[in-house]
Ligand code: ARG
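Here you get one chain, nothing else, as structure tokens; it is the form predicted alone.
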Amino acid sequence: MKKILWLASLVLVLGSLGMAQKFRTFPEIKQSGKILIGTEGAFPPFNFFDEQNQLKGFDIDIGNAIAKQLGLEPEWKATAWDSLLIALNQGQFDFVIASHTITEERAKAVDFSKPYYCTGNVIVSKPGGPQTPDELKGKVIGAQLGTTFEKFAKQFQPRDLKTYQTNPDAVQDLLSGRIDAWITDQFTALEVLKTRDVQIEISEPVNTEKIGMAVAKGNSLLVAALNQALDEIQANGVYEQISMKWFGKDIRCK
């Protein structure tokens, strides 16, 4: 998920903290026996709450596998998207796994692990609607607020760009004809097609995005530990098993 951090808000918060980020180092985390993980909980199939109000999804399974590989008990906290990285740098989590695209802008505020999967944006429309970037010019486009989808959509010179707090709202507007196309992640679009009785067309990915786990700026020992654990679960087959469970294929970066 390729959500853009409201960087100005984060910089403002960090400034109020005197740029003194608060985080637990990896040795401190190991000593405690627990690792605190932040996510959004509203982005299926990556992170969401099921009918029993339990966190589920690809991000959740990967986070739990990494915690196990590190010999730690995971403790999860779901937080509103716009607050996730701010809360991370305030020390509320040790790391965030919520499908953040690795961007230069975000890397000014947080550190990232190596990518734990790769994806791409797609154009979603009703049958006969726009399916290529050229066909988006002059159309009404929808995208989730504060995401790289929103930023991506602006380059196509839409007649109007509507933003949404959640993806289901965008889907509803697409189906009702209030927008001509919806820009989103390829796996999010496929999840809609799989779980809802809707008539939509999904383009081929029109770009590539690398997705990373976010760590408080300067917490280099934790970044190294996460990278090593990710390498290990990719080598021992655990990553592939999780990926096949959610997507029917291995979505690691090639």
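What you are looking at is a predicted structure, and each value in this text was computed from that prediction instead of being measured. Just count from 1 along the sequence shown to find any residue number.
Another form, the form predicted in complex with the named molecule, is not on view; read the next lines as being about it.
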message = Just to confirm, with a 4.5 Å cut-off on non-hydrogen atoms, which of I123, L174, A143, A98 contacts the named molecule in the model of the complex?
response = A98
ask   = Any of the heavy atoms of F43 lying within 4.5 Å of the named molecule in the model of the complex?
value = yes
request  = Answer for N219 alone: is it within 4.5 Å of the named molecule in the model of the complex, judged on heavy atom distances?
outcome  = no
inquiry  = Contact with the named molecule in the model of the complex for T147, defined as at least one heavy atom pair within 4.5 Å: yes or no?
reply    = yes
inquiry  = Can you tell me whether R106 touches the named molecule? I mean in the model of the complex, with a 4.5 angstroms heavy atom cut-off.
reply    = yes
inquiry  = Can you tell me which of 197 to 205, 222 to 230, 43 to 51, 62 to 70 lies within 4.5 Å of the named molecule in the model of the complex, counting heavy atoms only?
reply    = 43 to 51
Sequence-ordered list of residues in 196 to 235 near the named molecule in the model of the complex, where near means a heavy atom within 4.5 Å = E209, I211
